[in-house]
Each structure stands twice: as structure tokens, then as C-alpha cells.
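First, one chain by itself in C-alpha cells, the form predicted alone.
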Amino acid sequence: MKKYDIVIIGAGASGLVAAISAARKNKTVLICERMPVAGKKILASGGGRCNLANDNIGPSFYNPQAQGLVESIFYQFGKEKIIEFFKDLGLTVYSQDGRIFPVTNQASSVLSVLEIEIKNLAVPVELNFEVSEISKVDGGYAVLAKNGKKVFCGKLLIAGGGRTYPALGSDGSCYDLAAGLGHKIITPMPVSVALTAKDPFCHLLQGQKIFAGVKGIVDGKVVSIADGELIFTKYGLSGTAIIDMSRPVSCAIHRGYGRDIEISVDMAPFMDKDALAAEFKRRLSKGFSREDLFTGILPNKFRIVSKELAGGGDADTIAAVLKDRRFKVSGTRGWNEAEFTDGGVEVSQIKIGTLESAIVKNLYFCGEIIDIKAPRGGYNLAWAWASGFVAGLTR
């Protein structure tokens, strides 16, 4: 039976780039993918546009314990090389507010150029290959699929993703493979995710969008801040503002870091508290009803919660409520709605500069399976491309 130089588990963003990197070094490469098609998650990235990088990429955007490893990879394959890589594949990109997109605004363009290069390099892709077991054999590894197929390789690269959007292929199964080979797994949790809150405000205002400032508060301490679109839903709070500040809140919920978890919402971030109070005093002095008090400041739908917002309070009290409305958080939405996975193979068990396992020889990792995470904005995909390219060199 043929033995490959490298077998790559996972045909997502990092796995495809790793295969290209390896094949360009004249290595014999096989990609094993559990789904019937490759790269499904790429197609969903960036709202279907594929935010493939950011103008400002650096280790400071990633979780602290991973910054040394991240820096060692971006030193070799940073933003400029990522753009050059895709340009060489035939993809033109542009920057919008610091985020880098394909000029077609279609994630399918990104996947297509990767697949064309995979084909040109004659890299075989074994689809519907769901790995059930990895065993060490003389000079390498044997990789067994649930359907009975078995392949052999000298070096193994695990590029399976996290647990977000399992229908697109990321079901977290590669964590078990890594753990089976002796690696510690930091418990995965959903991040960049909407939050659940049992609050009548959410139910009454469901579907309403506002521009807001939000703070995550755990046991009285502010742990995250963001501003942007906030959407009230029947289950709680969503929108970019919530997504962008959700990670520390999700940590507190899923890893038991705090008991009292709240979101503070500033519903009028365009006015400071004193100016808002002065405006309410002016309106009350002119005889505005409590129901009409927020007209022009908040959308008209807020009339149905005007009594809760205004109550019998004076202008200062009403302004204080509007600038700091608290929502008790009960949980997060699940893996089908989270944008990223936090957790994975502990970074201390991966070698700086090569991404080879520090405890198992000739085993490499790349992409989201490693406990390396960053905010939205192209940072996570940039890590996927860069880590895939460097890991594919299998040095």
C-alpha cells in the first residue's frame, strides 16, 4: 500500500493551504476530509464574502498564552505573504475598514483558487474519510477511517477545525484524535456568539436593532467592552456589539469563572449622561408623556417599554437607566450560531516556529484545533492560512 510523505486530516482553510505548501516542496500529500466536499466552512466565512485577513495583523490580537507561537508563525508568513500567496493563485483582494476581502466579494472565489492549485499540484483528496483511529507504525502513522479505509504516512498533520457550524464539517472530532495521541485539550467553548437572557425587554423588543455600547460584567467587574449593532431577540441579545464582546462572558459561563454575569447596555451612546438628562428635563417641562419621552432618541418600538424605562423617575434617573440598562445573562447560544471555538490543543505542547507536537514526533497541528483565538475581522482566517502554510513545510 502506498505510503505518503504527509497525510493531512481536514480540508478546511488551514488544511488546504498546508497541502499546497507541502506539495510545492515535492512532498507526496494526501488530504483526508470527513465531509463529501472540501472547504464548506470557507464558503460561510465573512458572511459569504470571506474576510481572509486584516491590514493590522499581529500577536497582540490573539489570546495571551498563544502570542509567542503566533508571532513565530506570522514572522514566516504574515499579512504580506498571505496576500502574495492568494495573488499568485489568481485572487485579487481589497481592503475595507482594515478587513481584507476578495474583490469578487464571494468566498467561493477563495475556495476555487485553492482547489485549482490543489488540482494543479495533483494532490489527492479522500472525501467521506472520517478518521476513527490513528496508530503509530514503523516510520510513521496509520490512519484508519470509519468506512474501513486505511492510509499510511511518514508525517501527520491534523488540521480539523473546532466545533462551530458542525453541519459544515467542524464537529470537534479532531480533539479526540489529538487527545488520543497524548495532548491536553483546553475545553472548547463557543465564542463570538449571541447571549441568552430571560428578560421581558428582549421578548417585547425582539427583532429591534439599535446602535449601542455594551459591557460584559462578571461579578461586578467589567471584562469586555464593544459598540455596534445590538439586536433584541426572543432568547436574549445578539448583533455585532454582543458578538465582539462575548468571549470573556462565554468563558465565565462555560468555565465557571463567575456567578453574577450581566450585560450593561448604553442605548444612547451618542449622548453623554448629562446631556441626555438635560434633554429629558426639557421634554418633561414641555409636557411630553412618558410614552413619547424617547421619540427621536430610540426607535418607535420602544414605546411599548417606555413605562419600564421611564417609570416614575426624574430626568436624571431615566438617563441613568438608558445609559446602563442591565441584562442578566443565563448562557450563550450554541455551536450552530457561534463564529469561533475557544479552546483546543494546549499551545505549550506545540513547538514554536514549526507547529510540530512537542510530545509526539512527526505530528503537526494547524488552524482552529490549536487553542489560538482572536476577535472577528479576519484574524482567525489569517491564522488558518499562516499556520497551514508553515505546518505544511513539516520541518
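Keep in mind that this is a model prediction, so the values were computed, not measured. When you see a residue number, it is the position in the sequence shown, counting from 1.
The next section is about a form of this same protein that is not shown, the form predicted together with a small molecule.
None of 326-334, 63-71, 34-42, 356-364 except one has non-hydrogen atoms within 4.5 angstroms of the small molecule in the model of the complex; the exception is 34-42.
The closest heavy atom approach of I253 to the small molecule in the model of the complex falls outside 4.5 Å.
The small molecule in the model of the complex is approached by Y165, whose closest heavy atom lies within 4.5 angstroms of it.
Interface membership of F77, defined by any non-hydrogen atom within 4.5 Å of the small molecule in the model of the complex, is ruled out. Although the partner is absent here, C174 sits close enough that one of its heavy atoms falls within 4.5 Å of the small molecule in the model of the complex. Just one of D314, E291, D227, E130 comes within 4.5 Å of the small molecule in the model of the complex, counting any heavy atom, and that one is E130. Not one of Y4, P124 and G392 comes within 4.5 Å of the small molecule in the model of the complex, counting any heavy atom.
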